[in-house]
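Presented as structure tokens, the chain that follows is alone, the form predicted alone.
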């Protein structure tokens, strides 16, 4: 079982390197995406890092709420974007489309995936999809206190080894694990830790050949598009949203929108 320590010893307030900047997200060094299933405590993590308690605003062109804030840690400034809670990145809903597009085209320096320690297996579905489109991720296993109360034993070190990314245990409502999360995010953002994410391969005859044929076509139509191999996979799987984005030029608009967001523009 993960080691239990006093919440006061690990709370964010005892981390002098953390400076909560609220909405002051200008001139940042790194952009961080915050993803996770609904009801995993994602907003609590966001509030711990930014000092915000309420936030308003919508994603451009959508009615989906957008939460964004900032913090500074060890001399670097971070803008953190709280993505809509979602179970998948397959764009079956507007929330999933927003989350997927930001991770794909916003090019966050780090993507934090928040998971519920009491429902970890179910939450890993989203994480594995995230790891297919980014090499820079941290898993925050939240509600560790509830897992321990139910006698659940979590080998976070072993999970980190298997997934190839940093894994941090947390009880965000008490501030527990926030210092460790900050350290992991900074290590990945600044290149001290190199992620080698687990990416299960699909043993489908002819798949690799089909992707290889699509890649030069995508590169010709959308030079420099991020994660072209993942876009090709979605097209081959019949993702109508992605197919429409490719046909009508929206894929290029998505890339342009999110590159602008990465550079510092925000609503």
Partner chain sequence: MAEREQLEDALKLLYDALDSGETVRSADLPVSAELVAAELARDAGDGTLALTDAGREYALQVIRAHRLYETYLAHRTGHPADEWHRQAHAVEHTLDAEAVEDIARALGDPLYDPHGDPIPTADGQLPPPRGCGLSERPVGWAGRIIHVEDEPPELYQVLAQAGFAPDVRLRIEATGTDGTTVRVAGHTVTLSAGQAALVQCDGLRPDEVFDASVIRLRDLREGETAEVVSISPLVRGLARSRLLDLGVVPGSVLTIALRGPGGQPVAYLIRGATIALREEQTERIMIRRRAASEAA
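Since we're looking at a predicted model, the values are computed, not measured. Numbering follows the first chain given and starts at 1. Rigid core here is just the name for the largest C-alpha set that superposes within 1.5 Å across the two forms.
Same protein, other form: the form predicted together with its partner chain, not shown, and the subject of what follows.
In the model of the complex, its partner chain sits within 4.5 Å of a heavy atom of residue 240. Looking at residue 97, you'd find every heavy atom of it more than 4.5 angstroms from its partner chain in the model of the complex. Although the partner is absent from this view, residue 107 stays clear of its partner chain in the model of the complex, with no non-hydrogen atom inside 4.5 angstroms. Although the partner is absent from this view, residue 77 stays clear of its partner chain in the model of the complex, with no non-hydrogen atom inside 4.5 angstroms. Residue heavy atoms within 4.5 Å of its partner chain in the model of the complex occur in exactly one stretch of 67-75, 107-115, 186-194, 80-88, and that stretch is 80-88. In the model of the complex, no residue of 150-174 lies within 4.5 Å of its partner chain by any heavy atom.
With the core held fixed, residue 242 shows a CA shift of 2 Å or greater between the shown form and the other one.
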